[in-house]
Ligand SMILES: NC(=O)c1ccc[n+]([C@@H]2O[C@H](COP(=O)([O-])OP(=O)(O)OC[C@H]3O[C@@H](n4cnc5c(N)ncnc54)[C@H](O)[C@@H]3O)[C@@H](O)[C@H]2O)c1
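Before any questions on binding or motion, here is one chain by itself as structure tokens, the form predicted on its own.
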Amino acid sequence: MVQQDKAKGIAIVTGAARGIGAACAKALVEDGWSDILLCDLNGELLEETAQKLHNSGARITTLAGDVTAADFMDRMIEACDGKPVAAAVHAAGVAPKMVDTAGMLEINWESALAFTHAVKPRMADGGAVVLIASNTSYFPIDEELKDIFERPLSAGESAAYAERVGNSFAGYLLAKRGVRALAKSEAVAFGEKGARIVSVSPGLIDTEMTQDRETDTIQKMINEAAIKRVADTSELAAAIAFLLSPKASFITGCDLLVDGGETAGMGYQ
């Protein structure tokens, strides 16, 4: 009989001040997680998000900081106060127009690698990690670069490819391909800890990142999708909460598209 109880320990959400991360924090509280560490660069907004959840009865702890800082992951683990990691969502990230290519790779790829390595030895039995990729990672891209980012990279290695990658949008696609590959390559190691790791590739979600994209591009993606609208953050968060729950106990090392059929409609795979 497969155990159907939640893993024992703390839940972590990065990028939790707003958007997808904030929605994930809310979904975890609603799903019964009672001890949650919320992390974000914007400490003020993070406290506002945490305050909204305090009345739930859950223990909410916050940690403000830059996920790319050399000491951040150590600070995050320290904030767990010795508790095993039962659930973790790495939602911290930026959109292409927000940073240059090197910054894109550092924030969207390197931080995911650092996060994965930080929580891996501390996973609770039955615990799970969800990394946020993107359905744009399925878009066509330079084959040689794609192969590089689909193999396991070492910390700091992506910086060497920033010039070859080109613009930050290409960097975004490749970083998110790297995130998908990371979940796949780490599955066995997490399994040895009795834990799971998966990635989720959202499509058009109603966040600041989506609002920053060109209207014509968004409308084209909607027109070609199976479900012709932009999703609410709660819809993505619900899928992530499921993946972190015991109901998803046999799902690991893979990517889940949560994009309303955009990728299928555009003919990518």
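Predicted, not measured: the structure shown is a model, and the values here were computed from it. All residue numbers are counted from 1 along the displayed sequence.
From this point on, the text means the form predicted in complex with the ligand, which you will not see here.
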Legend entry - Site test, Ser34, Thr116 and Leu243 vs the ligand in the predicted bound form, non-hydrogen atom cutoff 4.5 Å: no
Legend entry - Partner proximity in the predicted bound form: Gly93 to the ligand, non-hydrogen atom cutoff 4.5 Å: yes
Legend entry - Any non-hydrogen atom of Phe149 within 4.5 angstroms of the ligand in the predicted bound form: no
Legend entry - Contact of Gly9 with the ligand in the predicted bound form (heavy atom, 4.5 Å): no
Inset, instruction - Give a yes/no on whether Ala225 approaches the ligand to within 4.5 Å in the predicted bound form, heavy atoms considered. - result: no
Inset, instruction - Name the single residue among Leu174, Ala133, Ile197, Val85 that comes within 4.5 Å of the ligand in the predicted bound form, judging by heavy atoms. - result: Ala133
Inset, instruction - Spot the stretch among 161-169, 74-82, 133-141, 183-191 with residues whose non-hydrogen atoms come within 4.5 Å of the ligand in the predicted bound form. - result: 133-141
Legend entry - the ligand in the predicted bound form - contacting residues of 29-48, heavy atom within 4.5 Å: Asp40, Leu41, Asn42
